[in-house]
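Quick heads-up: it's one chain on its own, the form predicted alone, in C-alpha cells.
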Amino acid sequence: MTTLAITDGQVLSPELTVERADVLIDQDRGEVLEVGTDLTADADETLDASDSLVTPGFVNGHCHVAMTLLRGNADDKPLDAWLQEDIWPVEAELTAETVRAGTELGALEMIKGGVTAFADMYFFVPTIADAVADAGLRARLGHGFISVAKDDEEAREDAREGLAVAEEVDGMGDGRISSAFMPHSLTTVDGEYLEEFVPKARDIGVPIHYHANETTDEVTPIVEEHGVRPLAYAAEKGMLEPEDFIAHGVHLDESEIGLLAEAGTGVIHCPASNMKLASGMAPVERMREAGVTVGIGTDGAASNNDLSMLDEARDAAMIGKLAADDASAVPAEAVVEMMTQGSADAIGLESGRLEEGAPADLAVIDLEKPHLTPRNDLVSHLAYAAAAADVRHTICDGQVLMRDRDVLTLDESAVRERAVEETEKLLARAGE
C-alpha cells in the first residue's frame, strides 16, 4: 500500500462543517483511509494544504467536454437557432482527432478548476474515454443520439451506436469510467426509438441521461402532440428511474417535480448556460424542497463559456434566489452540496464526499487570496467568492493530477497548441 497525506488543511466534512485536519489516502485503492490529526507519520508522501481548504473534488454533472473548441464561436442566440445554425453544422465535420483535442483541453481546464468527475454526452465517445483515462479523471460517458432529420435506418443506427458505446467504454480507465444511454432529448428523438431502445439499455444495466424541459420549445410540442407534460411522457417511455438523470429541468411544473421526487431521478442544473441562452430559471428551491436530487453542471463551453464549477455554483445560488424571489433560497450550503454530493448522487458516482472509505477525489483551495480574506465562513467563500484559479491541488482516485497548479497528467502547452490547430481545421472544414 502506498499512502499520501494531505497535511495541515481546513477539511470540509460531508456535513459541511470545517475542521483543521490531515487526510490520509490509500493511493493503490484510491480511497480515503482517515481524516484526523497527525497522520503524516503513516504516509509515504505528503501534500501541503496549509492555509488551504480541502474539499471533495467537484462533480460536473452535465457537460459536452469537446465543445471547448467551439468556445466563443457562436454567442448571443437562442437555443434552437444556436444549435441549428451554428453548432450542428460544425459538429457534422468533427473527427476523432478533433474530439480528442477538445476533450484534452476540457480535461485540463477541469483539473485546474478542481473537478475530478463529470458526465458527458457527445460523439466519438471511445476517443473521449481514452482521453479521460489518460488525464486521470472520473467520468460517466455516453453517445448523444438523435432521430430528427434522419431516415429510419440512420436513426436506428445512431441509437444502436449509443448502446454499443455504453457497453464498450464502461469500466475503462481502471474502472473510473462508467457509461449511460443518452438520447439527446425528448423532442429530438422520436417516441418509437425510445420505446425500442430504452428497454435495451435497461438490459445492459446502464442509466438514461437526456436533456429535458430546457426551453418552452421542449415542452409545448410534447404537450400538443401527446397531451401530457414532458416528464410524464418520459415516464411512459420508461425514462424516469432512480439511476436516471436529466439535464436542465428549467420549465418544470409541480406535477413533474413530484414525478422526479417520487422516481428518484436526478436533475443537473446548468445555470450559466440557461442564462446565456435565455432558456429560463430552473425551480431549484422547489425541487430541493420536494426531495429531488439536484446537481450542478456547466453544460458545454460553447454555451457557458467555461468549465468552472465554482463559477457555476455561484450562478446557481444567485439565479436560485431570483427564481424563488427569496434571498434565503438556494443558500451557500446548498450549492456546495449540489456541486459535490448532489452531482455525484445524481449521475450515480460514489464520489462527492470527503470521509473515511470514500473515493479519494479531492480539491485543495488556496485561501491566501484577497478575495478570500477574512476567513469568516469558508463554506460561504466556496460558494460565493472562490474561483477556479484558486485551486492549488487536484487529486482523483488517490492520484495527484495537479500539484501547486502544475498539471501532471497532461502537457498544458501541447494541449493548448493542439486545440488551436484542430479548431482551425474544424472551422475550415465547416466553411467558416
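Worth saying up front: this structure is predicted, and the values here are computed from it rather than measured. Numbers follow the displayed sequence, beginning with 1.
A second form of this protein, the form predicted together with a small molecule, is not displayed here; the remarks below concern that form.
The closest non-hydrogen atom of residue 146 lies within 4.5 Å of the small molecule in the predicted complex. When the small molecule is considered in the predicted complex, residue 393 lies well away from it, no heavy atom lying within 4.5 Å. Using a 4.5 angstroms limit between non-hydrogen atoms, residue 299 touches the small molecule in the predicted complex. With a 4.5 Å cutoff on heavy atoms, residue 349 does not count as touching the small molecule in the predicted complex; it lies far away. Looking at 221 to 229, 322 to 330, 77 to 85, 256 to 264, the stretch with residues near the small molecule in the predicted complex, meaning non-hydrogen atoms within 4.5 angstroms, turns out to be 77 to 85. Contact with the small molecule in the predicted complex, defined as a heavy atom within 4.5 Å, holds for exactly one of 214, 244, 337, 104, namely 214.
Checked against the small molecule in the predicted complex, the candidates 155, 277, 99, 206 yield a single residue with a heavy atom inside 4.5 Å, and that residue is 277.
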